[in-house]
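Next comes just one chain, in structure tokens: the form predicted alone.
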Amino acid sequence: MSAQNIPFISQYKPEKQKFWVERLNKVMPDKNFILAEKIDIKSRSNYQYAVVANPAIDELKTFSNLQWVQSLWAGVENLIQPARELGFNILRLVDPQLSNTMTESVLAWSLYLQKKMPSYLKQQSDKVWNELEISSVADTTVGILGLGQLGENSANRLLANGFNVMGWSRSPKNIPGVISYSGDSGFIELAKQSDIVVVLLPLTADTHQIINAKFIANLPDGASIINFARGAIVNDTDLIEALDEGKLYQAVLDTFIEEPLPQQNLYWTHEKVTLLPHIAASTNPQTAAIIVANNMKSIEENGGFSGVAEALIDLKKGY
């Protein structure tokens, strides 16, 4: 019996696409993952599911009869509208290894800001020998926007390392040791108390540019922002203005509206911005391929998504 063909749809560079196809085929020898570009347009309507990694939406839509897609990314905001239009389900990547990587990044860059490392780097550049006054970890409050799996795990990592932690989510959450807020009033209340804000929200119509002048104005003077979510959650103009005026100490930015970030973008040379190339929580090929295999097996054996509910996206909510 021949292996079942499954398209792999992605905008990765050719060598990276080839790598993923080989990895998936190795883990699932009963399947035959093939690059979308090798499937002729006329036969694309025959496919019911696919594995994707930041696919070109126009290309994704040529597979007009998909029932579900498995993303290799945790963020799937670009897939929501096509899924609503074509009627397919989305599975995001739920990988404990990815979550662990994210919590490490949240801790590392929170300490980077709490220890005033950007200031010491500037002093080195200017050949200035000066000890700075630094608040203790216990006196530093980190506010996490988004208390899903990544947010909750990041909160616990920060707590374990002595930070004071609070969080905000659309609906109330109960995480031991974390002061939790919800709703519009809670959003502003978190801002008023946060020395460092870590953004881990999904990108939806409600969260688009939610980090804006109004939110920033409620932060304590000298606060910092870490964005490990999506670039469009931040109003870039408002953020740069707050940095220029001295309202904010620093911004650590890992995601942007356009990636790679254009060379002319002001963030590249802004002395109060630490710029990262979308690496806060990269997908681990070894663990991700196994998770994809397990998800496919569960769906085939159960005839539905009951075994992968944690990964299934609610298309009405957008996450």
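None of these values were measured; they are calculated from a predicted model. Residues carry their position along the shown sequence, with the first being 1.
Unshown form predicted together with a small molecule; subsequent notes refer to it.
Problem - is_contact(F8, the small molecule) in the model of the complex, heavy atom dist at most 4.5 Å - result: Contact check for F8: no, nothing within 4.5 Å of the small molecule in the model of the complex.
Problem - Heavy atom of P82 within 4.5 Å of the small molecule in the model of the complex - result: P82: no, not in contact with the small molecule in the model of the complex.
Handout entry: Contact test in the model of the complex: R170 vs the small molecule, heavy atoms, 4.5 Å
Key = Within the cut-off, so yes.
Practice task
Could you confirm whether Q250 comes within 4.5 Å of the small molecule in the model of the complex, counting heavy atoms only?
Solution key: Outside the cut-off, so no.
Practice task
Have a look at 130 to 138, 237 to 245, 117 to 125, 144 to 152 and name the one stretch with heavy atoms inside 4.5 Å of the small molecule in the model of the complex.
Solution key: Looking at the partner contacts, the answer comes out as 144 to 152.
Handout entry: the small molecule in the model of the complex reached by all of L98, L201 and D254, non-hydrogen atom within 4.5 Å
Key = Every listed residue reaches the small molecule in the model of the complex, so yes.
Handout entry: Listed residue (H270, H278, K31, K61) with a non-hydrogen atom within 4.5 angstroms of the small molecule in the model of the complex
Key = Of the listed residues, the single hit is H278.
Practice task
Would you mind picking the one in I196, A229, I211, V106 that has a heavy atom within 4.5 Å of the small molecule in the model of the complex?
Solution key: If I apply the 4.5 Å criterion carefully, the residue I get is A229.
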